[in-house]
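Next up: just one chain, as structure tokens, the form predicted on its own.
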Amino acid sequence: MSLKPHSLEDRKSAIAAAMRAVGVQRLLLASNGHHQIDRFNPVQHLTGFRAIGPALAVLNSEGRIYGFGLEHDAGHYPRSNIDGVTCLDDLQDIDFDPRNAGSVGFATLPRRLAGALRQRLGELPAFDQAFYAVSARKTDAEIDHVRRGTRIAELGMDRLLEIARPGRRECDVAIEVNLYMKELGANDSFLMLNSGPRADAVMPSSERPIETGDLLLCELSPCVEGQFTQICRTVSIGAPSQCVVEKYPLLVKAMLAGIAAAKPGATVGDVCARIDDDLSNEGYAQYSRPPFIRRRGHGFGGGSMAPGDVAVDNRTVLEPGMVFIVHPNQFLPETGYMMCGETILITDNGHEILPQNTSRLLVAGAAGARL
């Protein structure tokens, strides 16, 4: 793998150049303080700072960043990435010239805060699309965090295979896995885990006891230093049925076909089309479109969600440094819903699959072994 070094300074410079190209002198960046796997966070994207509530920052066309801290984050901004910080007791104190200015992230703010800013500054033109278009790739540090997070997810999966057994409640297994991943260095986690003899989708955990014969569906998505990652897996509780043994490899084959299409210059839609075509050729065309499927993967927050959803209508061109998951999670009429998915990094010459152990049908409980 080869990638040119890339840092927050490079990201700021690219955005500042885009601002100068259209005569925008300053941007007001707004974060709602929610840190989610599939949502943008412009303040974190430019500073690496994960505010605990709504936060504002200003980027000027020379590439300098100034922070406006609300009371819950006073004094916590990372000074190395921000040139100046002002703690605001009142939004009327905000020192921001709205002339030749734009905004990023306003659509995500709480209604009252957004209304107060508009009353104070007027309606600032949205610059979101250009902001993310020129800063889609992850920094070297973010890629390192994705690597660490992916390894934590795999170790979390190993723990799940040890503890998922008949009689244990889904929610207890989910809690134990989450706590284990935090012990390993995850500062946050988004985890979906449910089980049953046949599912229509992956769901949040419930108090339902796991039973022999279940398929356990799991998305493990730890966050390291503000950067999410994800793996998707299917686990048979006890020996799987012959039908599941036969059908699950179809999902893995389709996933690998999609990953093979992921390279610089291809579009996200190309990746999705390869997955859809592969499953359609196996006789599942009607189950490869809504309402059975919405997307075949996605980018990761914190900062930027680029390249967005893995969907046929996403014409985003892949470029080195982009990170996203390819997951052809699929309902099949014979088995119900099953999952597989790997996080990949687009490199200068192609892609890198980040998990060390890629998807296969897993077994826990009485059988306690991988197929």
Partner chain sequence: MKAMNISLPTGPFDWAPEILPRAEFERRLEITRAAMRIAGLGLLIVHGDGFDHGALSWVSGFTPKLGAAYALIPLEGEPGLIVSGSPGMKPSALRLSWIADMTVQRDLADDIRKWIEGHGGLKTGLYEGQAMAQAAYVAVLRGAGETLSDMTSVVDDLRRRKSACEIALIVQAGRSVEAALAALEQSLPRGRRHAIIAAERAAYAAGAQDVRVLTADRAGGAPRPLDDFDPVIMGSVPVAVAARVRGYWASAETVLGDDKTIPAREAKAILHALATTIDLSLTAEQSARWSLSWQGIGLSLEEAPQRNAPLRAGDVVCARLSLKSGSSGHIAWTAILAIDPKGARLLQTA
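Numbering follows the first chain given and starts at 1. This one's a predicted model, so the numbers in the text were calculated from it and none came from an experiment.
Absent from the display: the form predicted together with the partner chain. The rest refers to it.
K.L.:
Would you kindly say which of 141, 171, 134, 155 lies with a heavy atom within 4.5 Å of the partner chain in the model of the complex?
P.N.:
So the residue touching the partner chain in the model of the complex, by this definition, is 171.
K.L.:
With the partner chain left out of view, choose which of 147, 208, 165, 253 has a non-hydrogen atom within 4.5 angstroms of it in the model of the complex.
P.N.:
It is 208.
K.L.:
Wondering, does residue 204 line up within 4.5 Å of the partner chain in the model of the complex on heavy atoms?
P.N.:
Contact check for residue 204: yes, within 4.5 Å of the partner chain in the model of the complex.
K.L.:
State yes or no: in the model of the complex, is some non-hydrogen atom of residue 35 no more than 4.5 angstroms from a non-hydrogen atom of the partner chain?
P.N.:
Within the cut-off, so yes.
K.L.:
With a cut-off of 4.5 Å between heavy atoms, is residue 108 one of the residues that contacts the partner chain in the model of the complex?
P.N.:
Residue-level check for residue 108: yes, a contact with the partner chain.
K.L.:
Given that the partner chain is not shown alongside this chain, does residue 236 nevertheless sit within 4.5 Å of it in the model of the complex, heavy atom to heavy atom?
P.N.:
It does not: once the partner chain is placed as it appears in the model of the complex, residue 236 has no heavy atom within 4.5 Å of it.
K.L.:
Tell me which of 44-52, 319-327, 306-314, 341-349 has residues with heavy atoms within 4.5 angstroms of the partner chain in the model of the complex?
P.N.:
It is 44-52 that comes within 4.5 Å of the partner.
K.L.:
Would you give me the residues of 181-195 that have any heavy atom within 4.5 Å of the partner chain in the model of the complex, in order from first to last?
P.N.:
Residues within 4.5 Å: 182, 183, 185, 186, 187, 188, 189, 190, 191, 192.
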